[in-house]
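Presented below, as structure tokens, is a lone chain in the form predicted on its own.
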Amino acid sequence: MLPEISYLPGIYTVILIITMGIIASILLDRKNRWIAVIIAEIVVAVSIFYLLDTPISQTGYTVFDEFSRFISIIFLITSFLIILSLSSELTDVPRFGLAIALILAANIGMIVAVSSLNIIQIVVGWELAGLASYAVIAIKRKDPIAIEAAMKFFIVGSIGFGLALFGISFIFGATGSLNLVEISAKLAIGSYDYNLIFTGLILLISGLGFKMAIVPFHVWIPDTYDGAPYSITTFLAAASKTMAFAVGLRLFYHGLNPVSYIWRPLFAILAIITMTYGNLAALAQNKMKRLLAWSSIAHAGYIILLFGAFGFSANLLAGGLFHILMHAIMKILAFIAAAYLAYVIGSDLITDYTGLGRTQKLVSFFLTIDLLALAGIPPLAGFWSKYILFLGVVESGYVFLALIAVINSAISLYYYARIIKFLYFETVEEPKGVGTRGPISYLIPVVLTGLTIILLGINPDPLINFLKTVAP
């Protein structure tokens, strides 16, 4: 079929390909688990290659540019790795094909959301991704913790979505348009009501804040990440949050940039609070998933420096996009490595990791690499993404923000190093997991993401130079 549908513009072909994968996945149950996985992986791989080869285009309000290409590929690569790990984790789920279908459906919503210049179209994609995410968290119907996690995400997500819609209505009332290009033009000439715009921006930031998991809109993150299956948690941390940041970039960089004097200081304050509170809360965690959840909140604080230090530095946007990519990759490795170790030792407690550096050498090695990258230790890719981002903050004239971010990175090193200490430097008479091996479907994503972190750390320049040409 592909040659016959290749005339469809931009992302529509990808949506059609993924839709076929959704239909195939729904028709398969747990007896055909590996067939469903293979079909889904083929669909995602074909979509990635198609996006890489698709020329830039715009059809109506749908735009396929380098920004939507870059972000959409993050979604698809994340899903490719997560679907593989799902095959080992959801062994007790009767409708395994439905879980894969929901992941693919969320991809359609996320791709639509980041490939639109119309706020209503963005909202439709955002909510499609949200509905699929709520459902897939609750895919283990007999697990009360997973159901509770899904309900918390659903309730908080609905509140955030409602606030965002309310804010959009104020922006529409002030400008008379839902087209980001038209909104930007009207704001640039001062043709708007300040009070309406200010109120709309406050509500919109609050709504997006729930998706971005920035303080004080983060309340759902620790419990939802802890209660959801590891692979689904990975999807939320890597793909869903990437969509939130990408949508924010579209809205604020593309449509609302003329009134940056209103929203820039708000984001700067939120960035300081988020990175500081996230790192301090992570210090007190004893469970790996909850620690990674708070770590993800702290990294959200780093990423929204993109908005809080909005200016004319090419390094700011390139560093922010680089860190969005690295956050996705590093969280995939961290959560799936944690899933592998939990499978081996039957525990998520960090203290139970004692001695695993000697009994689970490969996973422990890549997890250590990942933790050092999350802390921003050179020469790993996590260091370069933070360095370029913080450099852009300084170049934009916000040295104080950059200094706070550096201090927070130093704080985070403590709780990452604590995990490494248990892996390699604590002794126990009989380490857990001796002679036990986890599923290869966990091991493959760990190795691939670990090698990516190392290789991008060795030679980050080509990616950084490319990202300097990407604009939302």
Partner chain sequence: MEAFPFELSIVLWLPILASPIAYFVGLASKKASRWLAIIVSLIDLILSLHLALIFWVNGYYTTTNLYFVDLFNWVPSVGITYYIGVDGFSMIMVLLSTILSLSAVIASNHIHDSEHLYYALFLLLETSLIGVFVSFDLFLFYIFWELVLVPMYFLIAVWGGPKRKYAAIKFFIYTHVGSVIMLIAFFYVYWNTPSVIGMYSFNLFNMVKTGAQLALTIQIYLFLALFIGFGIKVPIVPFHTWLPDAHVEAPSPISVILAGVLLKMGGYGILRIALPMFPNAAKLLAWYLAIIGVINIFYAGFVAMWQLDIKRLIAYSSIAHMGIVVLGSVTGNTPGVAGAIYMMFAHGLINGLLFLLAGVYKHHVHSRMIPDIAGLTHKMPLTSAFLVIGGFAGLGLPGLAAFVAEFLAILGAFYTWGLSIAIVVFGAVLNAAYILWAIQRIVFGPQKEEEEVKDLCIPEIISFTILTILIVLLGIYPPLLMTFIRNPATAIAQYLAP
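Positions refer to the first chain, counted from 1. Keep in mind that what you see is a predicted model, and the values were worked out from it rather than measured.
Another form exists, predicted in complex with its partner chain; not displayed. Remarks below refer to it.
- Contact with its partner chain in the predicted bound form, defined as any heavy atom within 4.5 Å, is confined among 205 to 213, 67 to 75, 377 to 385, 188 to 196 to 377 to 385.
- In the predicted bound form, K361 approaches its partner chain with a heavy atom inside 4.5 Å.
- Its partner chain is not shown here, and in the predicted bound form it never comes within 4.5 Å of any heavy atom of T354.
- Taking the partner from the other structure, its partner chain in the predicted bound form has no heavy atom within 4.5 Å of any heavy atom of T469.
- Although the partner is absent here, A135 is not a contact residue: none of its heavy atoms lies within 4.5 angstroms of its partner chain in the predicted bound form.
- Taking a 4.5 Å heavy atom cutoff to its partner chain in the predicted bound form, the contact residue among I147, V394, L283, V181 is V394.
- Contact annotation: of the candidates S87, N315, N257, N118, the single residue with a non-hydrogen atom within 4.5 angstroms of its partner chain in the predicted bound form is N315.
- In the predicted bound form, no residue of 143 to 160 lies within 4.5 Å of its partner chain by any heavy atom.
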